[in-house]
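The chain below stands alone and is given as structure tokens, in the form predicted alone.
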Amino acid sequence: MTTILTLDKVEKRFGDTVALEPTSLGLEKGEFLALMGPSGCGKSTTLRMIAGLEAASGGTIRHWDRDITDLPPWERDMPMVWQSYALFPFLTVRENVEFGLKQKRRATAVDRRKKSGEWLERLGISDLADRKTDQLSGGQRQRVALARALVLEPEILLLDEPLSALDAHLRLRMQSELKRLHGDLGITFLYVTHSQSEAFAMADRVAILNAGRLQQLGPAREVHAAPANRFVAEFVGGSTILTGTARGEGRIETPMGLLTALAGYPAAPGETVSFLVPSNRVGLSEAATGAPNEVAARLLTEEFTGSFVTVYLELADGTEMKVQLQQSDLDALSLAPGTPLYASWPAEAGYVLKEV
């Protein structure tokens, strides 16, 4: 692939506060990259420096081979879709979409109307062209904000938590719409979010930050399956993290007994380690079966999500374990809060983590 945007040791400080430690990463042409992490991790600051809305304290930002570190926003050709939409309430939908063309491209009125009409049609909001934006729903406003950015036909589109203001149903619809647009247009998307579900549903790669430091960058499935450290594992979720003492050959002594985790960080004998157990690799039974990594537990509660059920267990040391099952698998068990159960998982599913 071809790198379209490069951050080379880019950092940001606000006085004595470090918002982003020196960070290097490349954005590939045509990819969908999600920046995510908890509040205050540096993801929005990074996006704002790329957009030219914040000055970097150090390092270099390049668009292709062009150094854009000190360029103003209007010379970067990287429009942003905002969490708040940032639409002009005194303008109609069409006028909002035409605004960028009028300010930057100096297009004629005929060309602006033609171009804006094409994007209004493409995003299914042609019938709203003459309305003011305060007459629109959240989903409609989001489409107007997208049309206003995309009408400029940028190489890179920046998106700052654009779906966070929408309700759950609209959020899912707009996720699908964004993914479709990305595939159709071939534009490079850089997307900031704190939502793991959004990032993993849409992005080709994800970059996870914490306290201003890049923790992991890689394909979404790889980050989910093989987190770089404990922070990433806890942030991504979907697994149970257990702690014990390494005894060699993948064996780990825990309060639940001697367990085996064969994947991940190579722990030395005697080292205190944490390892994760993916929730979708755990099986349940009402009686001990002698299966690998079998531990006693009791049922806490269940959470239904369509055809899947997440079962929450409590292990002997008080750890809460998550188990994801299909509804048909759960039907074979007689469950009620407090029911004694046995959980087990294959040795290769256990993944030993780095602590930092």
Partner chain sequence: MTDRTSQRRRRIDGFALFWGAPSFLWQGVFFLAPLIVLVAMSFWVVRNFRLTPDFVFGNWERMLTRDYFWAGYGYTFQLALLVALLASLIAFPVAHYLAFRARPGIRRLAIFLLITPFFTSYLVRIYSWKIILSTEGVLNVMFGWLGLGPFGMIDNAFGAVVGYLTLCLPLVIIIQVFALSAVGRALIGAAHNLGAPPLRTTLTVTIPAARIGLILAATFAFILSFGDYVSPTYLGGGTPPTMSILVVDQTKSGNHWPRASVVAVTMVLTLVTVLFAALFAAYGRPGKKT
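All figures in this text were calculated on a predicted structure; none of them were measured in a lab. Residue numbers count along the first chain shown, from 1.
The form predicted together with its partner chain exists for this protein as well; it is not shown, and the discussion that follows is about that form.
The stretch in contact with its partner chain in the predicted complex, judged by heavy atoms within 4.5 Å, is 73 to 81, chosen from 73 to 81, 194 to 202, 170 to 178, 216 to 224. Here is the short version: of L53, L315, V309, L299, the single residue with a heavy atom within 4.5 Å of its partner chain in the predicted complex is L53. Between its partner chain and the residues E118, E155, E95, E234, the one pair within 4.5 Å by heavy atoms in the predicted complex involves E95. With a 4.5 Å cutoff on heavy atoms, G183 does not count as touching its partner chain in the predicted complex; it lies far away. Looking at R148, you'd find a heavy atom of it within 4.5 angstroms of its partner chain in the predicted complex. Of the heavy atoms in A86, some are within 4.5 Å of its partner chain in the predicted complex.
Contact between G100 and its partner chain in the predicted complex is found at the 4.5 Å heavy atom cutoff.
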